[in-house]
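As a starting point, one isolated chain is supplied in structure tokens, in the form predicted alone.
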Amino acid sequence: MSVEVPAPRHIRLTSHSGGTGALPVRWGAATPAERGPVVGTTGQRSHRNVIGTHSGSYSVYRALAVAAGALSRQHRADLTNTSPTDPIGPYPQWSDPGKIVSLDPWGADVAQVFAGEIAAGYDVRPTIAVTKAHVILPEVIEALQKGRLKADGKFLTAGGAALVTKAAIEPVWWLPGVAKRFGCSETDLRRVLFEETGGMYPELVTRSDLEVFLPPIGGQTIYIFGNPHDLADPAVELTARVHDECNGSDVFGSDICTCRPYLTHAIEECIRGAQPPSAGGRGGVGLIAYSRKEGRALGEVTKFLVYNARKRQVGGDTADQYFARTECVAGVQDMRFQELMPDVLHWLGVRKIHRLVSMSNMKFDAITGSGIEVGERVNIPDELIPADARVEMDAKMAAGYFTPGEVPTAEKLKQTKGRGLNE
């Protein structure tokens, strides 16, 4: 019978004892051996070579499990049979420190590429997992029933299930590169991160030798329709959407915005994009990159407060006041700041997106600004826009978002009105 040794009861004001025994991280190195592993686990603190811990916001749930006695502090993940179903890379972008600064390109392969370090006692954990799935959506089944899509058995079953490769990605920030992306100094970035997290990570301002930060935020999930290796071939047509989380619409179908309709429309386009011409497809590959940036990264509480402010204002919920109400509550229209978003595309080796399903100029500018070519931009069909979401769409088009149609005038914006709270 094994007895767990109680953890020391004294509290360390930082999570590092000085770095003795920690392996260096050389961001942007060409090989994993040169780069070194990211060690964010807390079991052997002297081995830690990053700020923060793995699992982002879920690290708090892990703490609860440890405090409740449900999880041992000494637990180590058994990575047997967890390797990616589809190997990704390596691609030239992985060794360009300017291309990827917010995720670990080797994060899916740690059990293989850092096997020696793991055998030596370093608790190296994956930050990326790649698996297979069947995705079943009522909108896709409807498209199949109406003949917009055809079952082919490889990409889409007769029952309406799309066969995909999907990957979950945790954020791993290389602070010098993040600071450069945002045009600020690393010192200022560290200080603000320290202050705005309530001093949660003292190493941000006390350990300048630690350049990698595991932020306590949600990550992203990607869904690949077709061969993942084709994403890196600019000769293969790529249909893609970068989508930011909207739980109310994406999951529950709230009709105040176009998030779910845009997402499901993009999925339909991705399926068609990957299918062979014999099934009415385009013979390419499709990609959905789904990021946890709820409510424009303002949070769901703020988003719902904005909804109330919009519906209760004098004159009702009109398109001309759409952005103003957000600023009144949040102080800013949008905090998604898409500068880090293209990293996942570079991890996949993407060099050209032939068809981008998006009306966001912020996303378009970030993608093209990172060196990825974009061809056609695909908007959402008018018939998929819920009536109450017309406020959002007209406001965005007037603000300069992409549209192939007419841009609403100032007078039209005043006339575009959503329903009231009790309707």
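In case it trips you up, residue 1 is the first one in the sequence shown, and so on. Note that the structure is predicted; figures quoted are calculated from it, not measured.
Although it is not shown, the form predicted in complex with another copy of the chain is what the next lines describe.
- Contact with another copy of the chain in the model of the complex holds for all three of 58, 191 and 423, each having a heavy atom within 4.5 Å.
- Segments offered: 198-206, 348-356, 89-97, 229-237. Contacting another copy of the chain in the model of the complex at heavy atom distances within 4.5 Å is 198-206.
- Although the partner is absent here, residue 290 sits close enough that one of its heavy atoms falls within 4.5 Å of another copy of the chain in the model of the complex.
- Proximity of residue 216 to another copy of the chain in the model of the complex falls within the 4.5 Å heavy atom cutoff.
- Contact check for residue 419: a heavy atom falls within 4.5 Å of another copy of the chain in the model of the complex.
- When another copy of the chain is considered in the model of the complex, residue 304 lines it closely, a heavy atom lying within 4.5 Å.
- The contact with another copy of the chain in the model of the complex, taken as any heavy atom within 4.5 Å, belongs to 66 out of 384, 30, 66, 362.
- Checking 263, 212, 101, 143 against another copy of the chain in the model of the complex, a heavy atom within 4.5 Å turns up for just one residue: 263.
- Interface residues of 233-265, taken as those with a heavy atom within 4.5 Å of another copy of the chain in the model of the complex (partner not displayed): 245, 247, 248, 250, 251, 252, 253, 254, 255, 260, 263, in sequence order.
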